[in-house]
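Each of the two blocks below gives one form of the same protein chain as structure tokens; they are labelled structure 1 and structure 2.
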Structure 1
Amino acid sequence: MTDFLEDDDAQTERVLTNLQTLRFVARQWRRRPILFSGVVTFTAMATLADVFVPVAAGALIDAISGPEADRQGTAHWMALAGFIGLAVLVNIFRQFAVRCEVPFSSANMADMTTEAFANVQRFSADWHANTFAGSVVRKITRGMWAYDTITATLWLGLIPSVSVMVGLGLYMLFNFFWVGVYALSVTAIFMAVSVLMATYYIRPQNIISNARDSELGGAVADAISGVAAVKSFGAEAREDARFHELAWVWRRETKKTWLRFVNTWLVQMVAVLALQAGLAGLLVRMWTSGDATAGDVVFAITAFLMMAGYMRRFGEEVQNVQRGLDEIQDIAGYAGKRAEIEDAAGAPDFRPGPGEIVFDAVQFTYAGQDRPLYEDFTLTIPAGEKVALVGPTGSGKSTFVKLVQRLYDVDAGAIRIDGQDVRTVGQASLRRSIALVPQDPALFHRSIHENIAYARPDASRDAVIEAARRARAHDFIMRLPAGYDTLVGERGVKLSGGERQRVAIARAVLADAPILIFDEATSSLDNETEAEVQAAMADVTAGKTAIVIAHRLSTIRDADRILVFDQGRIVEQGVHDELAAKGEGVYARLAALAAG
């Protein structure tokens, strides 16, 4: 049941160890050294003051009841001032520590999330094709809050707790040697057991729960973005049931995780009770043999109560830090992951030329396919040529375009544009030289103006309108409620398919790149609009290399050359009249069908 949602990410990405994850978190801390040292210094001072509170209390008792006590003197007032002053200092230092931690953590969270977003954006098209957007969203938000948990717990809680416990243990050691030895050893065992259980018992199961949690995010986003299909098939109840099943898979795993937290807590409490019983027993024995007074017994039990409080806190804090490390683990992994399609070291920008495209003995296989789609594929598109790609769906036309853009790397051979191997130049600069109108244009939920100007954000309003006119989009845009400032809805859902395509064409027109690619860019237009857009395309592509993928004969008739694709091979090529005249073959059949 869960397999269908198991994204590639979850399967192939390795889980980082605690240490590797902690190293990632430590890198965040180093972003703001001054604030960070403020947090550490003030916390250390607060902790130190805390350890001395019992000492100041002791001094006060001595001043009141010791042999030198003098009701008329000032010693007890001084001791009282010391006792109160120390308690005030503890709180002042804690305030300062927290006041450093607030700007420190919030700024680091903003930077860390920005970095995670930047990493994810640069992962390959293949990675994105295999990953649920909703899961990624969940991982990034979860990681952001986990950072806060880890930082606050470690620096304001865990490290001070350990210091106080060790401090109290040492204090006992110097006053009641064996009691101190006992307390320190039990504390050490307690800490070791807590950390080991968190690492080897809680963590593996927690990683599973988190994966299920990401899956839920993926499932919600997938179903919500496909809500039009859900509604049109009246399938809400089916989607509910599917989600319910996933939610219960999450519940099953999370229940296990939570029980492991509770079990760990149980072991910790047993250890605390053992310490309590052992210590009290030890002192009562010392009292029976005359080695300890009633007062000593009271002191040790009081000191122990303090330690037990810290141990409980320590136990919870270790669990929280572990929870945080497990939750930040995904984005820590993103930080160390290679983008797959990477720029070569020091790769220069692509130098746009006249627009010649060469496929030189290219072999290409999609990940997960056992057979190459392209094998020994050689083709030259001279600069300025208008090429039409036709062929059945699945024959590899869109893949051809993705390879030109270097969204995927070839297995063998090379693709060269204007003499530059696409692998040797910066990807972003390469893609900026290719204006693509995709099969299913993705618009942003921003204004029409911003969507058209996406290729050239600094374009003037006039340039945008001119591009829209050429794409035959201006008239419908003017009829929208806010014209060029109208928001188009997520992915452009508020526009019709044909309107979306014309916005995408306007975008490509404005890009003014030397290479233009139209991947079934007019498939959603009516015949009349298509004829108009075609006239515009002919005009826009003048003097440029153009690749046009289309089904309609009207769109490809005027091409300089028609390439007929079948299963990743070019099975026929030539101009329309030549191919149609052959009387047989794939293209002639297409032409006959179109002629009706």
Structure 2
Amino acid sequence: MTDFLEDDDAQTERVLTNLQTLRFVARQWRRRPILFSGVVTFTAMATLADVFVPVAAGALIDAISGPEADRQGTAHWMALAGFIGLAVLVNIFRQFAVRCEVPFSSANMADMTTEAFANVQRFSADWHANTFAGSVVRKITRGMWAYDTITATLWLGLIPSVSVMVGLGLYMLFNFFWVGVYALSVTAIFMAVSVLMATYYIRPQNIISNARDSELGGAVADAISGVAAVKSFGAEAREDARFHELAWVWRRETKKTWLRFVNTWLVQMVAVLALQAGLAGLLVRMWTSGDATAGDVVFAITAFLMMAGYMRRFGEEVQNVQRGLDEIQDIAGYAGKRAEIEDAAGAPDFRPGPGEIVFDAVQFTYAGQDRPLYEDFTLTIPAGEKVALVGPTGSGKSTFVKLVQRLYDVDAGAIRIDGQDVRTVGQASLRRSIALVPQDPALFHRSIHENIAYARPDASRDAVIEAARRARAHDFIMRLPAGYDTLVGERGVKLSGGERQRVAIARAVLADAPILIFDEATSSLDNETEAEVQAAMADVTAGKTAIVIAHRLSTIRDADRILVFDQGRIVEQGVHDELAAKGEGVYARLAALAAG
């Protein structure tokens, strides 16, 4: 079996009970009380009319076949009008109920999906690193349609089914006591067994097959997003085989789920047959003894046909609701999951200043680690200084940047920017004052103009072009077929690495943030492109506080200060020539390797 497993999130979120999940759905129903009351009211009226259809059928038979029947009178016509009128009312009220449910559910689905998207966006960087994007997409879209299934099935199907079956049983109880007792007993046993089987027999297996379904979505997204690697290694057949294996794992678990649905139908068959035999037998016996009329027998037969139909629907509806609850619980879990990094209550916006950064006795430990990476870490970066961070992998450089952005919270001490503790201000406003150019820029499948303007959506066309000029991107953009309106493809695949970097730098320029961070911005570029990007970096960092992470020392020769990290500590600091001239030391060793 392949080692592709569903993300950790899938294993941790599926802990909600049916009741917890149903409470989440009920919160969606409360969004639009007027439309919701329309659904409930018209459904109730349709159900009430439906209960009296068999009664009207019995009255019609008595009117045309009873001892007092009068072919010339009007009683049978009135009975017929009552029978037809009830059927008309049932359908009219159902039509009104559905016309309320359509705008009600579609609006709630849009709101619920938007909130799920918003929740996921605010989860931590670690959560996203450990979660397959394709699985998340699958869960949100599956949950959206599950809401529709639950709402339509419950209010337009399941609740009316129960109401009609119970209503007919109660009518029988008051008019034919033992017939009513029998009908209500069979109905109650059938409903109880159906719910128990759905909860304890179908649900556990359904959750497993849903997990495999999410795996399948994650696998598709994973392979397609990495299609360049697939093609470069000629691995299409290997990926086909891997996906085929996952698809058949899904098939195995889904087949088990579907067979459990089929098995529950046996309960439905037994209940329907028992109801048919019991109702017909009891009423015919009462007719033979003179305790029931022909109309009563017709009522029983009509009631049975209705109850049998609703029993079949009830079994399917319980299973559909259970399936919907299983499929929506991921979104419900997202709604109940707290973001790891939260704004303090009433946190004010960050007030941008000149860009001074202070680490004050900071301690930080990654989740799952026993030993702190940073311990009593203290550092001040004055406003306007260009600082380079170097050191071996895992030494704490990238963590430094993430703490500045407050992607993690410190365990002790404080990080202050322009005198403001980053934990006391709004995260969004803080990050808008820090422009990041990563090693692999995240571009959206939108136009180049939109990607640059992402930093400041209200920027004018001229401002976007000026930012591109300063980033040395304008010339290559103008050579593209549609210029600034060229779509860059998913994650910017239509552009080269250097072009993506320059678009990302233009975006940082447009942000006009007091702090700029370049995280390995030139590590994957050729020498000529690196020179262009370095020139752009030198231009855009003028007068800004700049943090540059680099392995290629050519990128940081002009830094005001170089900080050498090792195991979460700064072991050396100074300028390039000073540090490279030392006979020993981490930086001297790195400089020697770069020169060699």
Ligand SMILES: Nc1ncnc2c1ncn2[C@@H]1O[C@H](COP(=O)(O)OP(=O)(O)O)[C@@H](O)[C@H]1O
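Structure 1 provides the reference sequence; residues are numbered from 1 along it. Under this definition, the rigid core comprises the largest set of C-alpha atoms superposing within 1.5 Å between the forms. Only a predicted model underlies this, so the values are computations on that prediction, with no experimental measurement involved.
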query: Form predicted together with the ligand - which displayed structure it is; finding: 1
query: Swing of the smaller rigid portion against the larger one between structures 1 and 2, to the nearest whole degree; finding: 11
query: Per-residue CA shift, Gly368 (Å; core superposed between structures 1 and 2); finding: 4.5
